[in-house]
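The chain below stands alone, shown as structure tokens; this is the form predicted alone.
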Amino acid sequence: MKLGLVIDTDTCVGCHACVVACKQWNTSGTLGPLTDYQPYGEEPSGVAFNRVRTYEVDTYPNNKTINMPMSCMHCETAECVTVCPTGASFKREEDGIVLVDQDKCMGCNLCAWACPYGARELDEAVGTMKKCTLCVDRIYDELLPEADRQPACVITCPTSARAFGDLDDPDSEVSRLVRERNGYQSLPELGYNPVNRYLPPRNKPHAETTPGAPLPSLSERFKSWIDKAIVR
């Protein structure tokens, strides 16, 4: 089993509902509380597992705003696990979820430096690293109705831009979405084999085209551009 998220960048509107739901659930969950720094000050910040990055792709009149939620990718070859000197970072064999043992973590930051997605955040109040758990305390909770055994971000998304499931199962909804919409990994060239997938924007007709000069699709341009932006 390989649990993960599939995120549709064509329907995500950047409302940050997933960010709020994630913070609310996890601050009282297995890794909580998630510390806030100066929440009522001029520059509020704090620990968050999910953040939305917004980019503008292409030029007018063919431009499109892309909202790209970023969290732990639960990579199959998780470098954050490899570099951890205490064994606090580990990947579960039964479902592929990458977690951090708070009792073993000493807050050395090596895993954060190793993660190219910026998915790990040091909670300065307690001195340990925290990250997305795919709401592991929720998805296996048999006291919840089966429909609610999903990550908080998935349940709360108002546009259904997020899906959760087993990417090892070819008949699962997430696997079907990846096949039908050409879902892709972020930064696959690094070789970490992230489990999470993104669905590219649907192609829209261009207002103007140069005769005889074929243009790459919007999804191809977006994937190329977003990989460069994340690397920077």
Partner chain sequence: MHPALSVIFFTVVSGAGFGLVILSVGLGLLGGVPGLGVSGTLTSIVTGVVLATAGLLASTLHLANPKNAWRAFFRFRTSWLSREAVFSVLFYPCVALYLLGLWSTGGAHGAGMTLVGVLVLLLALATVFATGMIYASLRTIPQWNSPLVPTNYLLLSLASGAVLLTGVTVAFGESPAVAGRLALVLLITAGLAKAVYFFWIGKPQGPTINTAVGATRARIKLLESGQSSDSFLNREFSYEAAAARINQLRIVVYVCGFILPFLLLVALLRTDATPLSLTLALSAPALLGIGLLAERWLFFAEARHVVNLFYGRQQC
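Note that the structure is a prediction, hence the values are computed from the model and not measured. Positions refer to the first chain, counted from 1.
There is another form of this protein, the form predicted together with the partner chain, and it is not shown here; the text below is about that form.
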Legend entry - Contact test in the predicted bound form: residue 58 vs the partner chain, heavy atoms, 4.5 Å: yes
Legend entry - Contact label in the predicted bound form: residue 65 to the partner chain, heavy atom within 4.5 Å: yes
Inset, instruction - Report whether the minimum heavy atom distance between residue 120 and the partner chain in the predicted bound form is within 4.5 Å. - result: yes
Inset, instruction - Considering only heavy atoms, tell me if residue 116 and the partner chain come within 4.5 Å of each other in the predicted bound form. - result: yes
Legend entry - 11, 17 and 92 each touching the partner chain in the predicted bound form (heavy atom, 4.5 Å): no
Legend entry - Listed residue that, although the partner chain is not shown, lies within 4.5 Å of it in the predicted bound form (heavy atoms), from 154, 99, 108, 136: 108
Inset, instruction - Go through 52, 178, 34, 163 and name the one with a heavy atom inside 4.5 Å of the partner chain in the predicted bound form. - result: 52
